[in-house]
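Below you'll find only one chain, the form predicted on its own, shown as structure tokens.
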């Protein structure tokens, strides 16, 4: 193990980790918004829109992220739509993650008995109030494990954005391996960087799940 190499390039991994984290968090935020919208449309059984949302989920989940990114970054410019690598990565992660988030939110909504909405209506709540104060809190409690798993999945999937020349962690590791052939050291730094990002997310997710389980009992 070349500790001199590690000491020399560790700061570059910190900078690349910031890029990975920024892209991941932005993509996750987009995916949550898309997921909530799609799950609400499908749960409400709105004609046409429900079929569109279902088609989007199937398309997104059954095509690789790298293919989606190549379409956005290399394909759409042929039609006059030009993306920066950062915007392309965020939209790509949001497009992929939105389908997974939609399924997590939908499973949470479907777990809430229809009698809950009926009871809220009897108490004089409007449909929006019923959704906000009765249905969504219960649905989120069920959906949280899936949401946390999706967040971790999207952070890991962000490594694919190196394919469109975005200087994230994976891009840096591949660059250093190509230049110096210090494969072990470059990959060790890569593993440490991803673990540093993902372990806190996993631990916070576990803590949140336990608190929600305790609150439901």
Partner chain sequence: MPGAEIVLDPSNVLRLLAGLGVTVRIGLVSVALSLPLGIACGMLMTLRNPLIRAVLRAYLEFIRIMPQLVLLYLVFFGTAGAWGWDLSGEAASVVVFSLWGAAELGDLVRGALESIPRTQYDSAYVLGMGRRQAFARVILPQAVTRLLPPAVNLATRMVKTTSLCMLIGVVELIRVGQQIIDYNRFAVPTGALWIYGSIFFLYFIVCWPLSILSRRLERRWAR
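This structure is a prediction, so every number in the text was calculated from the model and none was measured. Residue numbers count along the first chain shown, from 1.
The same protein has a further form, the form predicted together with its partner chain, not shown here; the description that follows concerns it.
> Would residue 198 count as touching its partner chain in the predicted bound form under a 4.5 Å heavy atom rule?
Replying inline: So residue 198 counts as contacting its partner chain.
> Do residue 191 and its partner chain come within 4.5 Å of each other in the predicted bound form, heavy atoms counted?
Replying inline: Within the cut-off, so yes.
> Counting only non-hydrogen atoms and a 4.5 angstroms cut-off, does residue 48 reach its partner chain in the predicted bound form?
Replying inline: It does not: once its partner chain is placed as it appears in the predicted bound form, residue 48 has no heavy atom within 4.5 Å of it.
> Hey, in the predicted bound form, is residue 40 touching its partner chain, heavy atoms inside 4.5 Å?
Replying inline: Outside the cut-off, so no.
>> Counting any non-hydrogen atom inside 4.5 Å, which residue from 166, 170, 30, 151 sits next to its partner chain in the predicted bound form?
In response: Spelling it out, the residue with a heavy atom inside the cut-off is 170.
> So which bits of 65-93 sit within 4.5 Å of its partner chain in the predicted bound form, heavy atoms only?
Replying inline: Going through 65-93 in order - heavy atoms within 4.5 Å of its partner chain in the predicted bound form - the hits are 66, 67, 68, 70, 71, 74, 75, 76, 78, 79.
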